[in-house]
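Read the single chain below, which is given as C-alpha cells and is the form predicted alone.
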C-alpha cells in the first residue's frame, strides 16, 4: 500500500522510512579490509512500519530494526530485520498504527491499552554471549545474532524487577561485568532508578533502586574503577501532563543539574548528590575514570554538554527557540573532588562540539588518551536532513583528551556520518580501526567505511557499497567472530 508520511524532517531525506527487511551477500568492496577484522557490526535503526495517526511524531518513535554487517576480510554480508516487539506485532496484525504520541500511552488506540510500548530501537548490546536491543522506555529484547530472529523480552530469567533497561551500558574490560540502569523503573514518570550489575556470564548479581531528584531523561552514565556517576539533567516527565495528552518530556531551563555519585559496588544509601548549573543537557558520555592528584581523590566524567536539549521535538514542547547549530556541545571534563563534593564540579573543555563519543572497549572505566566522535562543522556546508536531530554530522573527530588536541576528517557538504565504532587490533601498538556508515545525500546512497583509528585523516581504507540506502542508525556495537562462534556453540 502507499504510505503517506508526515511533512517533517523526521520523515524526509535519509529519514524517510524504508520498512523493508532484506539481506545481501558478498557486497562490493572498494579497497582492502584488514584480514584480522572478523566479526559483526550490529546497528540499531528506527524505521516505522506504519504512518502515525497523530499530527506530529518523532524519528525515535520508529519500530526497531537490527542491521548486521558480517565481515570476513574483504567479504561482507548484510541483513536487516524488524525487532518483533509486542508493539510491532500488534500493529502488524491490524496493518496500521495503533500507538500514539512519543512515550504517552494515554494517546494510544484503546485496543492496545496495556500492551508494552517499547520499540527497542536504540542500542544493540552484546554481553554474556547474548545480543539485546534496547530502548530506555521498556525491557530489552533478545535477538539471535545469527538469524536475527527476535527471541523475546529479556529480564534475566525473571530476576530483573525494573520495568526499563537503559540504552547505554558500561562493561568493565577486566572483570567483564556489565553495569546498567533503568529509569522510570517503577512505572511511567516515576523517579525510580534501578542500578544493576551483571557478571561476565550474564547473570544478574545486583539490582538496587534509588530516587532521582526528579524524573529525568537519564540516557547515559559512567562507571570508573571505584565509582558510578548518574548525571541528571532537567528534561523532566510529569504524569499529569502525560495523562492530559501532553509531551512526555519538557526541558526546564530554571531547574538545576545534578550528578549522583556512589561506590560502584556500594549501596545506593551511599549516594551523594552534587548540584550544578541550571538547564544543562547531555546525552552521551565518553568515559569516566579515577585519579589521585596532589593528595586529592578525583573522579572525572567526559561528556558532550549543551545549554539546552538538542532534540527539536523536546525544545518545541518546552518553548525553547534554538537551532542545533546554536547549541554548545563541547566535549567537557567534569572533575569531582571526592573529599569536597560540596563545592560542586569543575569543568574543562577538552574537545570541539560534537556527539556520539566512543573509546576503545579496553579503555572504559580507566584513564585513557584517545576518543572518537562525530560533529557538524558549519564551515563545510549547511546542515542536511539526517537522524533524530535533523542535521547530519559532516566530520569525524579523533581526540587526544590528555593533550586537548584533535584530528578531523571532513566529509564534505554532501555526506553525513553515523556513529563510529572501534574495532581492536591484535597488532602490538596498533590503535585499531573505526567503522561507520557514511551516507551521500545527492545520490541517496550508503556505504560502510573502514578507517585506521590512529590516522583518520588518511580517509577510508575500504568502502563497502550497499545496493540500497540505510536509514540513519542510533547506536552500534562490534562483536568479534570468536565471540559469535562461542555463543553459537553454547546455544546462547
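Positions refer to the first chain, counted from 1. Note that the structure is predicted; figures quoted are calculated from it, not measured.
The following text describes the form predicted together with a small molecule, which does not appear among the structures shown.
Residue 283 is the only one of 230, 283, 82, 179 with a heavy atom lying within 4.5 Å of the small molecule in the model of the complex. Proximity to the small molecule in the model of the complex, taken as a non-hydrogen atom within 4.5 angstroms, holds for one residue of 235, 121, 418, 166, which is 121. Although the partner is absent here, residue 219 sits close enough that one of its heavy atoms falls within 4.5 Å of the small molecule in the model of the complex. Remark: residue 102 counts among the residues lining the small molecule in the model of the complex, judged by a heavy atom distance of 4.5 Å or less. In the model of the complex, no heavy atom of residue 108 sits within 4.5 Å of the small molecule.
Although the partner is absent here, residue 60 sits close enough that one of its heavy atoms falls within 4.5 Å of the small molecule in the model of the complex.
Heavy atoms within 4.5 Å of the small molecule in the model of the complex belong, among the stretches 335-343, 202-210, 287-295, 134-142, to residues of 134-142.
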